[in-house]
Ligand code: UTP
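One chain comes next, on its own, written out as structure tokens in the form predicted on its own.
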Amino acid sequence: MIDTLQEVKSILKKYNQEHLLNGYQDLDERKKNELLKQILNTDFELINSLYLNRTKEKSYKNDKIEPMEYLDKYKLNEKYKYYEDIGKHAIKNGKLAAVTMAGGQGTRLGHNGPKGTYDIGLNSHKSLFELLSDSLKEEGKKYGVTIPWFIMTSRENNKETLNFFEKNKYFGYQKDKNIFFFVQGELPMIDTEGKILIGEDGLIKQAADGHGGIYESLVKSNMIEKMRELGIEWVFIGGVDNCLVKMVDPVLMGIAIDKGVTVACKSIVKANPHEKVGVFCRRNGKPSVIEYSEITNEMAEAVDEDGELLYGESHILCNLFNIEAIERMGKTPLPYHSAFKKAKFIDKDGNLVEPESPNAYKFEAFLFDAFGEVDDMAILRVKREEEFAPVKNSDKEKVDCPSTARELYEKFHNLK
């Protein structure tokens, strides 16, 4: 312990982060060990680099941006059944797994707990987790298989999530046989002076590393290894907050397999040319997603000969990956994007500070930043009313909120 403490002090001195041990003597033995472990596992070179480059977003001015080709699910005609049959065959042979990213809390919804435990107000009072579970089980029955379900939690909500599933008997799944839980990666939060924050618990204050951390988390947690043991070749990755997410789609799978691509994504057409969403494109010839802030008005409003928006395919976080692509992406760090946020912290005098305005940087990777690593991918346009009912905002916002999601869900399932 003494040797470890000396090693930690030496590291902190090198990176000018000695304040992290300010409250060390007041911690119990468990937390002392945890703090030392945190410090030893922190990549201070990376943190320093992120701080120095926090305001330098990559410039895309010289990139060549072009529209991305896509297939419309409901204009495939005779090809629909062809792709569907290929996908069905793979699903029946147990080649598909589903991953749900569920690291968030329901704070914005006024919900005290993991977002997946939120009840959107259906008469059944089912949580988002149960709605997704129902969908997976129903699809599995069609093909005579159980679709393995992998759920990514966060350090913040992992225990509550596990307790929730245990209380609900895993909704018919069997833990460690066909349902698995793993924890999302985190990075320290940094103040405006480049100092790592200390949280209310006396430990390093960390924040989830964004949905782009999914690849590395799957690899580091040995979930990829588990998938290989189960014979999985294709992995659908989606978010917990879309109650209409279609995780098992033989048409999407069939297209990916037939075209020989390792990534296939779903899109919905933009509600209007200036909807604030990321859209699929080709960037310097490679698949990519361009943020609405990067696109000019002229590009946003441009249409093809059929009157369709050239940049109209929204990325809705519904992605199918070949397992080898995930493994490859998990070994190559993605770029991090900084966000300036409000964060409670313990100051140098041991006092809790609750700021009224943003005071700290958090760093996130975006899942779609990995798309440039593949030579090609397939995009399948689907219908918003059938597959996209996100719960991101409170009902006050009147968009992507519980009431809009509930309405879409009830309409799709003929519950009213």
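A quick note: this is a predicted structure, and the numbers were derived from the prediction, not measured. Numbers follow the displayed sequence, beginning with 1.
Another form, the form predicted in complex with ligand UTP, is not on view; read the next lines as being about it.
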### Message
Although the partner isn't part of this model, could you tell me whether Lys392 comes within 4.5 Å of ligand UTP in the model of the complex, counting any heavy atom of the residue?
### Response
yes
### Message
Does any part of Leu317 reach within 4.5 Å of ligand UTP in the model of the complex? Heavy atoms only, please.
### Response
yes
### Query
Should Gly103 be counted as a contact of ligand UTP in the model of the complex, where contact means heavy atoms within 4.5 Å?
yes
### Message
Within 4.5 Å, heavy atoms only: does Lys175 come near ligand UTP in the model of the complex?
### Response
no
### Message
I need to confirm a contact call. Of Gly239, Gly202, Pro250, Gly278, which residue comes within 4.5 Å of ligand UTP in the model of the complex, counting heavy atoms only?
### Response
Gly239
### Message
Please identify the residue among His211, Lys73, Lys195, Lys95 with any heavy atom within 4.5 Å of ligand UTP in the model of the complex.
### Response
His211
### Query
Heavy atoms within 4.5 Å of ligand UTP in the model of the complex: which stretch among 239 to 247, 75 to 83, 287 to 295, 165 to 173?
239 to 247
#### Entry: Residues within 4.5 Å of ligand UTP in the model of the complex, restricted to 138 to 159 and counted by heavy atom
Met152
